[in-house]
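In structure tokens, the next block holds one chain alone, the form predicted alone.
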Amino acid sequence: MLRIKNLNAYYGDVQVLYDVNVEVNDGEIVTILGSNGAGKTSLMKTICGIETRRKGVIEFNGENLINLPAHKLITRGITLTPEGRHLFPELTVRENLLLGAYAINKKINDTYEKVLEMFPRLKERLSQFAGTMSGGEQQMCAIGRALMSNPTFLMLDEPSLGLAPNIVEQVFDIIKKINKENGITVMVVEQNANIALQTADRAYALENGEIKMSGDAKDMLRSPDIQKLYLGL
């Protein structure tokens, strides 16, 4: 579904990604691991054409996206839940969700009902301002907003950021449900290597803007290097 080949990215003249190669197959969950400053968010932004200048190949379902503007990606079935969620705090939950379908020129009632069925907590809070919800509820709202565009490929940037451990487990259960029950391919950028590798099919480890390791997620979970670098073992 997604093939990234020899991808280089820059903020101005400063290079942040170096010849990155990543593949995501249809129906997979793939995680990108890395510490702060490794280039994970830069990779997400570069795929989406946000902020960075880029060179290389970003191929989605056979189409090279490298020159496609960010706002066109949603029409290709790609959505991003950004780091920090970026909800509109003074809009209601309902308004935030509906904004996720802003660029979709078709009826959204069925999608809206499916999202509320997946997130019953949100259904209870449709009239509540998004900025007054807990961190976990805001993350659910951000994911729900992304799903409103009926994506085939969902990218999540640090979905566990700032959440309590039990809420992190709930969020990753939702990610697995989105993948298995809705057939949506998922890419997750995550610092929490343990839960990310338990959830994913395959994984890549990013360090200083370069891919240093890749493979089956369960094999990487058992890797001494991964255990030392990311799990503190």
Partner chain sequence: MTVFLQSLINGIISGSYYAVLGIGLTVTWGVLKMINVAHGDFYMLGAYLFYTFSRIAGLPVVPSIIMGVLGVFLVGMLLQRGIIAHALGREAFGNSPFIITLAIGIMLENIAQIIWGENNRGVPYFNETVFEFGGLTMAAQRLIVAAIAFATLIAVMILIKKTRFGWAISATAQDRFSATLMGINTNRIYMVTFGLAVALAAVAGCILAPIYGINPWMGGSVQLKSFVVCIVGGLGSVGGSIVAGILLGIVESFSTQFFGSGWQNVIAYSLVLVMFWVRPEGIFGKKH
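Numbering follows the first chain given and starts at 1. Source: prediction; values computed, not measured.
Only in words, not in the display: the form predicted together with the partner chain, which the text now covers.
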* Asked: Three residues, Ala70, Leu80 and Pro89; all within 4.5 Å of the partner chain in the model of the complex via heavy atoms?
  -> yes
* Indicate whether the partner chain has at least one heavy atom within 4.5 Å of a heavy atom of Gly100 in the model of the complex. => yes
* Could you confirm whether Glu95 comes within 4.5 Å of the partner chain in the model of the complex, counting heavy atoms only? => yes
* Determine whether any heavy atom of Ile74 comes within 4.5 Å of a heavy atom of the partner chain in the model of the complex, and answer yes or no. => yes
* Asked: Any of the heavy atoms of Leu65 lying within 4.5 Å of the partner chain in the model of the complex?
  -> no
* Structure fact -> In contact with the partner chain in the model of the complex (heavy atoms, 4.5 Å), from 115-123, 132-140, 81-89, 159-167, is stretch 81-89
* Let me know the one among Cys48, Leu206, Ile178, Ile58 whose heavy atoms come within 4.5 Å of the partner chain in the model of the complex, would you? => Cys48
* Asked: Are there residues in 124-161 with a heavy atom within 4.5 Å of the partner chain in the model of the complex, and which are they, in order?
  -> Arg145
